[in-house]
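First, one chain by itself in structure tokens, the form predicted alone.
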Amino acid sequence: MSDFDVEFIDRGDREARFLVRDVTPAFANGVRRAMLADVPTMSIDAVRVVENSSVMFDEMIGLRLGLVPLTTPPGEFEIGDTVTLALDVQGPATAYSGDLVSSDGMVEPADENVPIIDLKEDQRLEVEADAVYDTGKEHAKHQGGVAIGYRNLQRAEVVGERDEFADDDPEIVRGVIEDDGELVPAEAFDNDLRNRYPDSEVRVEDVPNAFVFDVETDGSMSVEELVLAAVDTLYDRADELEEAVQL
């Protein structure tokens, strides 16, 4: 695989938008799919109920616990590894994800304020849970990326003055446009080209092999860690295929 250029447009721990140049549509889609299906995370998979005097069935408690995102540092675990967490809350109180106590400091609830159940007077919830390290293709609860998409970078070029009697219909674009080398998110001009070029006729076309990714994680890892891990899985698959072909 050849090298490619990456440029961040917006960047945060859990949300980011970045431009990738010099990649094929197949590779861009491969990265998206890898982020969803191939990057493993920790997620609660088995629950042992010690006491549950709440109004909610054990199975429903287990379902809610399984959907709590857990921090998962890349490269620290192998597929199938487990970490034990415990929860013990006495009512009247609300049991939150932050009440989970982990046996491994690397695996903690990514958010402390995810409500699990509201306990009334004399109600108690005490459980032990095993979080397992696995991939999104095995179960959606292991998907570290919760919102991942991409679209072609578009280039805007002024081709003339706007006709005095031209239609006033909105000229809607989405994503990011490239204007004289500047990357401009479409929401900066309310997705309507007329707001950015009020008196001009503009031609918009896709930039070949350039894609803008929008990525949001559940907090199990940062966007950068998720993307790099996804790309690594593609390289690993390519190496496996090369070895298989040479046999």
Partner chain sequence: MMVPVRCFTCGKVVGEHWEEFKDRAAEGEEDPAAVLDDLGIERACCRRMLVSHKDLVDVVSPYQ
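Numbering follows the first chain given and starts at 1. Just so it is clear, the structure is predicted and the values come from calculations on it, not from any experiment.
Beyond what is shown, the protein has a form predicted in complex with its partner chain; the following relates to that form.
Contact with its partner chain in the predicted bound form, judged by any heavy atom within 4.5 Å, is made by just one of G75, G160, G105, P115: P115. Of the residues given (A188, L67, V50, V207), L67 alone sits with a heavy atom within 4.5 Å of its partner chain in the predicted bound form. Three-residue candidate spot S54, K141 and V146; every residue lies within 4.5 angstroms of its partner chain in the predicted bound form by at least one non-hydrogen atom. When contacts are judged by a 4.5 Å heavy atom cut-off, D111 counts as touching its partner chain in the predicted bound form. Taking non-hydrogen atoms only, K120 approaches its partner chain to within 4.5 angstroms in the predicted bound form. Taking non-hydrogen atoms only, Y96 approaches its partner chain to within 4.5 angstroms in the predicted bound form. At least one heavy atom of E216 is located within 4.5 Å of its partner chain in the predicted bound form.
Across the options 192 to 200, 178 to 186, 25 to 33, 54 to 62, residues that bring heavy atoms within 4.5 Å of its partner chain in the predicted bound form belong to 54 to 62.
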